[in-house]
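Take a look at this single chain in structure tokens; it is the form predicted alone.
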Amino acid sequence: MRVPAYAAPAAGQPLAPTTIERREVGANDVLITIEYAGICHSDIHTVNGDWGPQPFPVVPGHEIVGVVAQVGADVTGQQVGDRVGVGCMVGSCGRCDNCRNGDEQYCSGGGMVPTYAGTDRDGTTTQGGYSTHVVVDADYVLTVPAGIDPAAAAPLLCAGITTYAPLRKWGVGPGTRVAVVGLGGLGHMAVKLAHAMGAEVTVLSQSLKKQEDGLRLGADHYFATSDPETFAALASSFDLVVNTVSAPIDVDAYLGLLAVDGTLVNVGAPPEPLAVNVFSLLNGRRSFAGSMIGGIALTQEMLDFCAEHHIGSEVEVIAADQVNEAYERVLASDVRYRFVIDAATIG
């Protein structure tokens, strides 16, 4: 099955229209007619070769929402007409301890299969959601509940679960003091989710230019990290600091914001190593951690939580031929807060 798509032909090259091959629908596969595909900063890192060589041409996109068009003979969890989602992975070994524990994203039996630029079970390269259709193993297809706008749901499949996972892991709830570093595609979701969980939420942003947005999205407080007084005023204030930015930060300064037993968790992925002074950890029994998306069950939990609390991403829907301009705007921080491609405009 050949379908229209937008692909990056080589590292740093603009995305362009193309056609790609989708595999036959196997016994446990689902064919999805894509409605929306979110643009994640990871897409840009991949296309630009920031994370190493890639199997170009690459069709990015791992924030996919669409409608089931066909199911394989053994599929019982989805049926034609269902609205579904696909996130950052489309396969894993299913047998290792991590997979059996619901942490497929940390598969130790060969690693998870990413939605694009990965090696699929048949040896072909996976191609992502900047396309009209995709075929995915049913075990990695998620139900998008009614009540979430499908365009606003697409970024939940990456930005949503990337921030929901650490909030759940570190037990965020009423009485928890949470700081979110950065108010971008990830950060705005962290604010919405932590607020819905009942936490006291503080945004730590470089400037105050998005303060009004932050408070509207659910933050209780908003501080500029460019003001050195911020770090003195907020010393030892938080149980959890979620760092969503993909640029270097002063780790020790942010660790100083943690109360005893507090955790600074990185979900942003800067290409450069981050330095840390061990005394910043020893003083206060603090932890410096990382978190990467979530397993399939947790992702479904997140979608159901968002439906229950009427949470979606703040999106700007674009036509496919605007994708290169959108990439430039993401790099310039000129989006509030996630671009989503209308897949009906592809082809």
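Quick note: we count residues from 1 along the sequence shown, nothing fancier. Just so it is clear, the model here is predicted, and its values are computed rather than measured.
The following text describes the form predicted together with a small molecule, which does not appear among the structures shown.
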Exercise. In the predicted bound form, does residue 162 have a heavy atom within 4.5 Å of the small molecule?
Worked result: yes
For this session: Give a yes/no on whether residue 41 approaches the small molecule to within 4.5 Å in the predicted bound form, heavy atoms considered.
Result: yes
Exercise. With a 4.5 Å heavy atom cut-off, would you call residue 183 a contact of the small molecule in the predicted bound form?
Worked result: yes
Exercise. Does residue 268 reach the small molecule in the predicted bound form, with heavy atoms at most 4.5 Å apart?
Worked result: yes
Problem set entry | Contacting member of 237, 206, 211, 176, with respect to the small molecule in the predicted bound form [4.5 Å, heavy atom] | 206
Exercise. From the list 19, 324, 333, 13, which entry has a heavy atom within 4.5 Å of the small molecule in the predicted bound form?
Worked result: 333
Exercise. Based on heavy atom distances of at most 4.5 Å to the small molecule in the predicted bound form, which listed stretch, 212-220, 73-81, 124-132, 260-268, is the contact stretch?
Worked result: 260-268
